[in-house]
Each structure stands twice: as C-alpha cells, then as structure tokens.
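Consider the single chain below, provided in structure tokens and representing the form predicted alone.
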Amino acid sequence: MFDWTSFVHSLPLLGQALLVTLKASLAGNLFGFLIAIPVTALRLSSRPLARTLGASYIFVFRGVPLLVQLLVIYYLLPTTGLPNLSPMTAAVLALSLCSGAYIAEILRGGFLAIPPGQIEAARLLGIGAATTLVRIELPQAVRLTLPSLVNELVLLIKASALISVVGLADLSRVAQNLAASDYLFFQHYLVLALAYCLINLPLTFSGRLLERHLARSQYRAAE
C-alpha cells in the first residue's frame, strides 16, 4: 500500500535530490559537448596521429564503464598527488568525459553528412579553416544531429544514477536512504522510477519532434 504521509514527508528531500541530478547531468552534457568538438576535429583530421588520438579517447571513455570512471576520478586520482575533488566536481568531470566521447561520434556523423562542396566553396572564398568550422560546419552538424544529441542527454540523465557512489545525494541515493529508513522499498523505488520518467519524457518527445522536423526539412530541400 502506498503511504502518502511518508511520500509527502520525503518530497523536500526528493526535490533537493532532483536538483542535484539535473545539475550534474546538464553540466556533464554541456562540458561533454565542449570536449566533443576538438575530439571530433581530431577524428576528422587528415593526420594519422591526430585521428589516432581522437579514436583513442573515444575508445577509452566509451569502453570503460562510467561507474569505473567515477571511482577512478574520485578515489584513485588523489592517491597520485592530485588535489581531492568535491563529489559534484568529480561527478561532472566523469559525466563530461564519458559524454564527450559519445557526442564526438554523433557530431562526426553530422560533419560527414555536410556536402563537401560547401567546404570547397568556403576555401575558394578565402575563409580560414577555423572560421569554416565554427561558422559553417559546426552549426550544420549540430542541426543534423540534434535528435541524437537530445537522446544522448536522456541517456546521460539515466546514467547519472551512478554518481551516488561518490557521495552525492542524487535521486537514486536519496531513494535508497528513504527505503532503508522505513522499509517502503516498493514505494520509494517506484517514485524514483517515475521521477526519471518525468524528467526524460519531455526530452524524448522533443527529440522525436526534432527528428520529424528534420526529416520534413530534408524532404522539402530535395524537392
């Protein structure tokens, strides 16, 4: 049976935990995007060494589980002489590095979808490589991959349930603590699942709308 009194009492804690989850997830996605831009440039470089560096980054941070990355950053790095990181800093750093690897591959697909003629035209007009990247290539790559980028944000929010291992009071940690205190495991874990659904449902719906809009735009352009 659902204990409404316990649920009402837990709302302030769940609200604070929700803010922690959103703060870590959104920051991780933002910094992951900033990391992904140079990594994508390395992957698309004509130099073998640069391509190898970019591919190595993606291989490591896509291949190593996020849980392991969190443990290494928060617990292992300080033993090497590096300064201790706060739980939030460690969580955002791990989420950013992991997300950056996935976003880089998404953006690479967007860059490859840009017609080569546009790049050649920019070079003929004397536009530099950096300006071409920022003003011509990157906006188009983001537009072409926007549905996939939204889906990556949804996946990152779900993956953020792991950040409790570094001591952050996110949704998953608070739900575990509440369940351990009153033994209403079904109730608190049900609320936890619904909370993630309520966060991700609008994002998923937005991603589908963007995908349909992009498909219609491409169809009109082909006519």
Partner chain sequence: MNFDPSILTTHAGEIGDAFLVTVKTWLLGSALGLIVGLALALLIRSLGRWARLPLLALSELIRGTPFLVICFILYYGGPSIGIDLNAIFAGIVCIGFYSSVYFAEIFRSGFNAVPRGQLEAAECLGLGRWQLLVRIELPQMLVIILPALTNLLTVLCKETAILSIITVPELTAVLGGIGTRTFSFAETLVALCLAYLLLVELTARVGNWLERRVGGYLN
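Residue numbers count along the first chain shown, from 1. Keep in mind that what you see is a predicted model, and the values were worked out from it rather than measured.
There is another form of this protein, the form predicted together with its partner chain, and it is not shown here; the text below is about that form.
Using a 4.5 angstroms heavy atom cutoff to its partner chain in the predicted complex, all of L76, V165 and S172 count as contacting. Of the residues given (L133, I127, L71, L146), L71 alone sits with a heavy atom within 4.5 Å of its partner chain in the predicted complex. For the chain shown alone, R208 is a contact residue for its partner chain in the predicted complex, at least one non-hydrogen atom being within 4.5 angstroms. Within this chain, L201 lines the site of its partner chain in the predicted complex, having a heavy atom no more than 4.5 Å away. Under a 4.5 angstroms non-hydrogen atom cutoff, its partner chain in the predicted complex lacks A27 among its neighbouring residues. Interface residue remark: Y102 is counted as part of the site for its partner chain in the predicted complex, having a heavy atom within 4.5 Å.
Heavy atoms closer than or equal to 4.5 Å to its partner chain in the predicted complex belong, across 41-80, to the residues F59, V60, R62, G63, V64, P65, L67, V68, L71, V72, Y75, L76, T79, T80, ordered by sequence position.
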